[in-house]
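Starting off, we have a lone chain in the form predicted on its own, written out as structure tokens.
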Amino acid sequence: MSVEQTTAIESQWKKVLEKTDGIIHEEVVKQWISPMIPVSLENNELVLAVDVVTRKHYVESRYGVLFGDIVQQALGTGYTFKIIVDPAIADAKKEPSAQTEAPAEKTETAEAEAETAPTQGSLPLAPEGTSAAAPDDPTSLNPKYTFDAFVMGRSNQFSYSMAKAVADAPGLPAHNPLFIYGGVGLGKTHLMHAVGHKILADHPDKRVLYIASADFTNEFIRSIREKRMDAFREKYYNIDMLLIDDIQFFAGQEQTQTEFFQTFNKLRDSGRQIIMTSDRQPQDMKDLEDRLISRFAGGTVVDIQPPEFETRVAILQKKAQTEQVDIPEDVVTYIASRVDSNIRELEGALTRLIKYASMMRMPIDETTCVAALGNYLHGEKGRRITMEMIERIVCTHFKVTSEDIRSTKRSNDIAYPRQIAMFLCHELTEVSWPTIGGFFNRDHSTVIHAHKKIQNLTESDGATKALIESLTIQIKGI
């Protein structure tokens, strides 16, 4: 590739990075996005190289949709991106000061895991001869992620309540560890940080440490290479609360899993709180040791679902308040009805609208909203199935209200539709029993009972089977 071509690609990459401002947190950009190296820009595809597969997986899984939208904003509609793993390219472009020569001696396991661990962004190890104890201040926590800034709704009520319970009484065996799982951008990390902030506010002397699982792996491997495992263990064994994000990235990394197993046991056995997040529940995590899965599931496991319409509206209103911008109610409703995937995209849409209106000197109204966001907004077709959608269809069919179906009424004209709705929520979504129960103001055991009853009826009663099939078609057709 000629110097001119390289310069042109780097210029386009600079445009992409500039577009991340206000959309992806600057620390995320610094740690995960900026280190990617632009390789080519042909056929409307931006190819980026990374040093390790973990960085590729992290960016694609957590920021893929947002980053794809940013690429289109920077380079034009129709542009896409692809991330490739090529350590040679990535190493060649690193700053000289960032390059380090690995020791000749390495264990086979460490070598294997080094291929999947990021080489940048890990917490720094303490200087030779000093302690690597965790910081006793909140510098590792995002100051924006507090309980006050969290918008609670039916989709996250249970997880929010459990996080508050942990913050009020950390280390209790019943909720240690606290395992929060759910899709990208739904608030898992926010809740985790909120607990940390609350603990530090109540107990300033506590030592709270937040770290991404990929960074834990990276730091662990560096400690092996630099023969400083004592300092590594001293750091993690002497904290009061460990917050570890995206635990699913430990999959397939045997030596890291072994080390984390020891850290986990050390902390939990001494009554110190552990909170983890993942994109899936423990039982669904592949290439993870059974003993780890057992311990992850041994505390309290909670899920977060995509926010329902009312919560999306509240999130947008809070975001507008934070930005000190007046957003008309019809614009908030318009965005909330069309962006229902996750909170990150919802807030990103509003941020783009605000910036567009400011740059173009246009009023923030529905017309500007459509111009600013374009195909980012989508209509009803293709939306994921949610509990509120199911409830609405069932209520319409049985001519009952949402208030009826969530009330304490037990008459058959209310109880039967409620059981149908609970059954369909379990069949058509990935929501957990407790979350379904919370949505309908019931205990999870009630939901299990309702599901079993309707399941039996569909097998023995043709009318019930036909009804379920009809409602399912209507719900999927929304």
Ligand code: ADP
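None of the values given here were measured: they were computed from a predicted structure. Residue numbers here begin at 1 and follow the sequence given.
Form predicted together with the ligand: not shown, discussed below.
Heavy atoms within 4.5 Å of the ligand in the predicted bound form map, among the stretches 349-357, 329-337, 254-262, 188-196, onto 188-196 alone. This chain appears without its partner; in the predicted bound form, the one residue of Phe232, Tyr145, Phe398, Tyr79 with a heavy atom within 4.5 Å of the ligand is Tyr145. For the options Leu141, Ile315, Ile211, Ile364, the one in contact with the ligand in the predicted bound form, meaning a heavy atom within 4.5 Å, is Ile315. Put simply, Gly183 is close to the ligand in the predicted bound form: some heavy atom of it is within 4.5 Å. Put simply, Met389 is far from the ligand in the predicted bound form: not one heavy atom of it is within 4.5 Å. Although the partner is absent here, Ile343 lies within 4.5 Å of the ligand in the predicted bound form, judged by heavy atoms. The closest heavy atom approach of Phe296 to the ligand in the predicted bound form falls outside 4.5 Å.
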